[in-house]
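Single chain ahead, written as structure tokens, the form predicted alone.
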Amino acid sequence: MRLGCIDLESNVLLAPMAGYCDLGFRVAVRGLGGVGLAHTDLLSSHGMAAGECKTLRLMRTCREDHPLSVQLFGGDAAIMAQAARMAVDHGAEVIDINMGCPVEKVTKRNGGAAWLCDPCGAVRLAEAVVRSVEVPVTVKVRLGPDENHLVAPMMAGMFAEAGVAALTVHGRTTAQRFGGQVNLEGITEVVAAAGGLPVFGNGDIKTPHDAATMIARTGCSGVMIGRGALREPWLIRDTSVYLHTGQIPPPPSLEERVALMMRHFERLLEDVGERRACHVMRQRIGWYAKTLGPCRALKEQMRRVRTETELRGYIAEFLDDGMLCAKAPGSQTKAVD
């Protein structure tokens, strides 16, 4: 499909996830195939406009990281417009405005889901960003502040008139945060009110079947996958294949899963150095371990890893043990669930 002037490989997007969408992870997941568009971490427009090192580091990109959407949040239209221009100068091919994050450190700065309490102001801000750049501008929202104020359908038509290229709707309210179930009927109402504006559904997509169900029931143009891809990085590839062929590829082997984790680590080494790369992997082992089978010892080792040499040693030891278990006569142990 197309997003403005950009051709997307598929209608399955990798969501922006604060603390998780580093360059290494994006490149690793893209290498599996099926990613229509990947987003950066959630970035502060004020930090971008001020040239803060941390913000600029979070939006680093490379040739393999394409097409790339930079997600910004903020409460000032002029600063958002300035940050959007800077992001484009640094390689952004799409600008995404976050109007759905429920986290207090974002909303207290009049960003994220705070905009759902001011729909007209939200549209004016989006309009200012659209005018400031020549790349497509998208917006990510929730259904509303709470179940009694589902403003997203009303905002969808207004965003379309403002020139927004697409809208992503997380099917929860701000009050729900990440609890409860996604409201597919609410997403359906947004699609109906969007007047042809592409709408991507988001929330609770844990399997390719979940994505197909969301599209079938809501009529959305595609899906955005977040936490499901942290647990199962192959989910985006599998979903894209399933939506187009009705088939799900065979699950990856233990070796393939570990190889992906190592590609993530090696890209981090290039981008942020050994100390920071090890720090990220200490944080991420909990997610990777969910599909590595029995790996308690590896998790404990990885949570105290400090050097590249240590990490490679722990991984090699884990693989050797896994292969021995798999080859043991009469063994019933499965490396991957």
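Numbers follow the displayed sequence, beginning with 1. Predicted, not measured: the structure shown is a model, and the values here were computed from it.
This protein has a second form, the form predicted together with a small molecule, left out of what is shown; the following refers to that one.
In summary, the region of this chain contacting the small molecule in the model of the complex, judged by heavy atoms within 4.5 Å and restricted to 87-95, 201-209, 242-250, 159-167, corresponds to 201-209.
The small molecule is not drawn, but in the model of the complex it has a heavy atom within 4.5 Å of R227.
The shortest heavy atom separation between H264 and the small molecule in the model of the complex exceeds 4.5 Å. Contact annotation: L23 falls outside 4.5 Å of the small molecule in the model of the complex, judged by heavy atom distances. Mapping the unseen interface onto this chain, A18 counts among the residues with a heavy atom inside 4.5 Å of the small molecule in the model of the complex. This chain is displayed alone, yet in the model of the complex one of T173, T138, Q71, T218 has a heavy atom within 4.5 Å of the small molecule; that residue is Q71. L42 is the sole member of I285, L42, L292, M59 with a non-hydrogen atom lying within 4.5 angstroms of the small molecule in the model of the complex.
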